[in-house]
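This text opens with one protein chain seen in two forms, each one given by itself as structure tokens under the names structure 1 and structure 2.
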Structure 1
Amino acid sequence: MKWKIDDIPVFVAIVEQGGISAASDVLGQPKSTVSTTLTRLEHALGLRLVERNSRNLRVTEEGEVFYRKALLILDQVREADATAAGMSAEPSGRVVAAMPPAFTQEVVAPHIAEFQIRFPDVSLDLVLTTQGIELLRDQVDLAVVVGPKVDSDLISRVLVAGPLAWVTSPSYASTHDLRGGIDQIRSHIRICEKRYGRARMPVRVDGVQTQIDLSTGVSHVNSPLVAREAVVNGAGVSALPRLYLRESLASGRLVEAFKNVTFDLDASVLSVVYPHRRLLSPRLRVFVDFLEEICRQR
């Protein structure tokens, strides 16, 4: 490693303060020293981290990437320093996480108080979105996304993997014949999650692989909770992840239908993704571990 770790806090201050002069004021160092440190770091890395002129400073794309790594390095340095000093390095700081609304409401929200009690110095900033992967670059620390590993540059840990189930309301089941194959079930499907609204959704009928068209003649919604409530109130039959069915099936608000028409195992997958493995900060590590823990309880 050609660059010095002591130069990292200076670079972070330059980025966060928006310039060399402002960074020198915060750091209590001469402007010339801060400028020299930045030049030395860029030379050692062989990268242009910022573009600067007499009027302003702009962080380059390479600088943005190195800045995010620098923050994680500083987290690790602080943790190592605390351990070396014989202190317990309690996780602290803010975790910014992008998560699907349904997952947040149904799985995470009931356990937020528990997390706060266990980690009082960690604050959560939860961004509810189905496009979390697009926010990872600049806006969030981690994201919970539908599906397994999506990018070779990201670390992915599966939180939930399970099949879908066909469900309907008890009143609908009592007034309709819910037996048969593709032709029979198709006439009862009136709403489904958008991600399952494919022209060739793979299923098995009595173990034989085939496909079902859920792209036309079906209302689509990007929330499993909305589809679930629609079905509870008489909107025919729908395929939903079992993750969101436990309470409804147990209480009798929903019943299973067309058990002979099944999906391949792990048709519904939720994963947590983040940019780095080795430099995962303490506050992010405890939150990721916490997500895995509460998902195992489902």
Structure 2
Amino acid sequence: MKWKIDDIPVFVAIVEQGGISAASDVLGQPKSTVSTTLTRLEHALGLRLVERNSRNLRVTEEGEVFYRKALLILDQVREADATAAGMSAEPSGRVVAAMPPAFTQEVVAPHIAEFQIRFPDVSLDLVLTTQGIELLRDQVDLAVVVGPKVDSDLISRVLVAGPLAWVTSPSYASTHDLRGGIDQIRSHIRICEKRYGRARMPVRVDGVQTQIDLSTGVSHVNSPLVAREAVVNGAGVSALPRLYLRESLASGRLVEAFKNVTFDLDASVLSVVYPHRRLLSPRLRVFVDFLEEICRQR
């Protein structure tokens, strides 16, 4: 096929307007462009579509037949254009998001209903994952990941950045002496999240930089919620992101401990990563905004 589909609207305009000058007015193109376009189409098709001189124009029989076919093409083109316009104008469709289980259960789940009310045409496909995510390979739209992700291709926006807090159950606190130096403090820590379970975890004790061993003899789990439940049930003291502690502290199920032992800022960071800032579809944009909003509220 040697003809250009983009010549179709020009040909249709010539036929319908009855002339090249009139067609150029309607198309908003110079008449030399319109004239040359018609000539090119006729040569590519090997058909004389229009007989014309400076005063008369006559659509040939072949031109009439091709014109009707051209109208069908334009019908479909307008349909596609309208569909594309609709897609880029309002949020609809499915968002596939990979997120950590704890974050999803504790932070996102309570707000899903409200998101659905606001954006009825957007469906969520939430993929709880504990492995590293690659958007393209894993065929997901976006991901919430631990850390301030920096990637040359991806856009990263920090959702949560804050310190950890030491917590224990009231009963544990009332039956144990939580005072003392680093060694005494260390003896109370029996479980913590795996990501913090380092042999030399940097902390400040009374403002003085030091390190604490959260590796040897401390149980690890890759879920802040499980660590939290263990502590609620008497498993000593643990350091957890404040993100997951709001309700437990408010209800008194947990109490803060070791207030003189603090972590550096941003020990607990979660980011949302997605491929582009430009041409981000409306539904992705609103979901990212939604995640930012619910994290800001905590």
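Basically, rigid core = biggest C-alpha set you can superpose within 1.5 Å across the two forms. Residue indices: 1-based, along structure 1. These numbers come from a predicted model, not from an experiment.
Displayed copy of the chain that is the form predicted alone:
Answer is structure 1, the other one does not fit.
Rigid core aligned, does the Cα position of Ala13 differ by 2 Å or more between the two structures?
After core superposition, the C-alpha of Ala13 moves 2 Å or more between the two structures.
2 Å or more on the CA of Ala102 between the two structures, with the rigid core superposed, yes or no?
After core superposition, the C-alpha of Ala102 moves less than 2 Å between the two structures.
If I superpose the two forms on their rigid core, does the C-alpha of Val122 end up displaced by 2 Å or more between the two structures?
No, because once the rigid core is superposed, the C-alpha of Val122 moves less than 2 Å between the two structures.
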